[in-house]
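First comes one chain, alone, set out as structure tokens in the form predicted on its own.
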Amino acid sequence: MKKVTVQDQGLVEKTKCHAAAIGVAMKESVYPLTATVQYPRQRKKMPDNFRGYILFDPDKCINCWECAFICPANAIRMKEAPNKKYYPTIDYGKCIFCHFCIDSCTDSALRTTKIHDVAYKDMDEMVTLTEEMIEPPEIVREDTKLVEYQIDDKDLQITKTREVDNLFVDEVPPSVEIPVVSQCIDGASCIGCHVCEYVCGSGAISSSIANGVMNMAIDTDNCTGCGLCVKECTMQILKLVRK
């Protein structure tokens, strides 16, 4: 067995070590460099693209259902509103905060916030209805300091300032999009299932019967280009084309 020999330090070396340790303790008491955030009295500064609680603006929604289709956690359900349109509801018991719904929302009807600490009484309350998504939840703030981490080539710098972070991100203008409309590319293959007409939220698709033959028509002026009819077409004879 190998023996470990501990070197006996003299009085001077021991005094230097103790003095250095006391110096570090005094420095930490005045200018602490700990990475711990004293939440809720302090709050870490979050970026504007932080994936937090989701808000909804029904005036911008084109009723395309894209958010419900793209949700990988199946947390979004569409709820019928009094105006006969369908708007999203979110089950935060399932939501993984991937924000695919926000990324896919063409008119920015869904937007993010920096709110990440919402409390619920039970699982049922975590199902957030459309009307509850329009306004943010009740916010009780205890934070008085804002903590920001800055990493350079040498060390981690921690800045603490006596201010509070804005939890609501400034509205980002929607990206420039190419206007598209739905078009039938093979009318002879249409089986008249009316699915496209049923799912169209803008009422752009209509049907009529003449001489025993049913005809489907698309009003390009009312079509929003959401693509929902293209997705649901049984015969896959609809496609989106540029205006």
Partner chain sequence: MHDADIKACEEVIKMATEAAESKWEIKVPDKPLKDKLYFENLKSVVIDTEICSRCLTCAAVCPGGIIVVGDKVDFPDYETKCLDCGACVRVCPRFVYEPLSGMGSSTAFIAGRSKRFAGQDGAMVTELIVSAMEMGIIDRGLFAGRNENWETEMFHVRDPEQLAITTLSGTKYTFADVLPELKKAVKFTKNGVGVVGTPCIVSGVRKLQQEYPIFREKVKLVVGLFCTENFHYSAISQYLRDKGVDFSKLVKTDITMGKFIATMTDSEVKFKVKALEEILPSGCNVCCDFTAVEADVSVGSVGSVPGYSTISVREAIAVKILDYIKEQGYAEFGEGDPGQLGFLVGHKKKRAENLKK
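Numbering follows the first chain given and starts at 1. Since we're looking at a predicted model, the values are computed, not measured.
Although it is not shown, the form predicted in complex with its partner chain is what the next lines describe.
Using a 4.5 Å heavy atom cutoff, none of 118, 134 and 167 lies near its partner chain in the predicted bound form. Taking the partner from elsewhere, residue 186 is found to have a heavy atom lying within 4.5 Å of its partner chain in the predicted bound form. Looking at residue 35, you'd find every heavy atom of it more than 4.5 angstroms from its partner chain in the predicted bound form. In the predicted bound form, no heavy atom of residue 40 sits within 4.5 Å of its partner chain. Although the partner is absent here, residue 203 sits far enough away that none of its heavy atoms falls within 4.5 Å of its partner chain in the predicted bound form. Note on the partner interface in the predicted bound form: the residue among 199, 55, 190, 68 having a heavy atom within 4.5 angstroms of its partner chain is 190.
Of the candidate stretches 22-30, 45-53, 214-222, 58-66, only 214-222 has residues with heavy atoms within 4.5 Å of its partner chain in the predicted bound form. Annotation: residue 219/residue 68 CA-CA distance longer in the predicted bound form than in the displayed model, change of at least 3 Å. Relative to this form, in the predicted bound form the C-alpha atoms of residue 60 and residue 198 approach one another by 3 angstroms or more.
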